[in-house]
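Before any questions on how it binds or moves, here is one chain, the form predicted on its own, in structure tokens.
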């Protein structure tokens, strides 16, 4: 079953809906301490669900905004109707629609649509990855020091995430670290060779299902932080062009073990220096 064309059409429709709300600067609501929800999230998921039920009525669905259809179907959709909600709610144009389909537990099709740039990423198991219909491939950078990598931080309870240490260490050992606020688009940018690597803690299945397949089909590698197989329910996501993957794993091992950690600069010392 060739699902990608239908998925592309659904993603584009949902993306157009999001852009209408984005231009109108919709009202922000909260569903947790700092976990933003907008009317656009719910409207986008409702639109996507309606199209899935029309075209694939027997398929199961897991959506970020609460959709759960579990009938035991061989097919299961992972739907993120708006990845990058915080960006969206603040008028920062980095967000997307992310759709993935599993067949008997294996991810087989993925589409991620960035409506602000009209960039449509897609992949089919064994068929490679595409951007707006043209093939894409991960970068060929083999030296970690020359890499541009990306990460993300949780939208709430950030003080409980150890990622600031990983961010600090990898900033010193790469060409730079970016934090754009959409894991799905970060994964697409690894697939397209714009980033050489990406990592994040505690992502949800709908955050990663599509992007991971797109990276893999673009020739990249995705594992947990120890190099073990990526699982859809994994709390660890490490993606790269493959060439620097082992180097990234080594850095993670060093950080977890507390070896070679560089001290953070002291703001107190800086304050004294600037007053001189």
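Numbering follows the first chain given and starts at 1. Since this is a predicted model, take the numbers as computed values, not measurements.
This protein has a second form, the form predicted together with ligand IPD, left out of what is shown; the following refers to that one.
Candidate site formed by 8, 78 and 102: none of these residues places a non-hydrogen atom within 4.5 angstroms of ligand IPD in the model of the complex. Looking at residue 179, you'd find a heavy atom of it within 4.5 angstroms of ligand IPD in the model of the complex. Though the partner is left out of this view, residue 83 does reach within 4.5 Å of ligand IPD in the model of the complex, counting heavy atoms only.
Using a 4.5 angstroms threshold between heavy atoms, residue 128 stays clear of ligand IPD in the model of the complex. In the model of the complex, ligand IPD stays beyond 4.5 Å of every heavy atom belonging to residue 92. None of 147, 109, 203, 138 but one reaches within 4.5 angstroms of ligand IPD in the model of the complex through a heavy atom, and that residue is 203. Only one of 216, 60, 64, 251 lies close to ligand IPD in the model of the complex, with a heavy atom inside 4.5 Å, and it is 64.
Exactly one of the stretches 111-119, 179-187, 164-172, 67-75 approaches ligand IPD in the model of the complex with heavy atoms within 4.5 Å, and it is 179-187.
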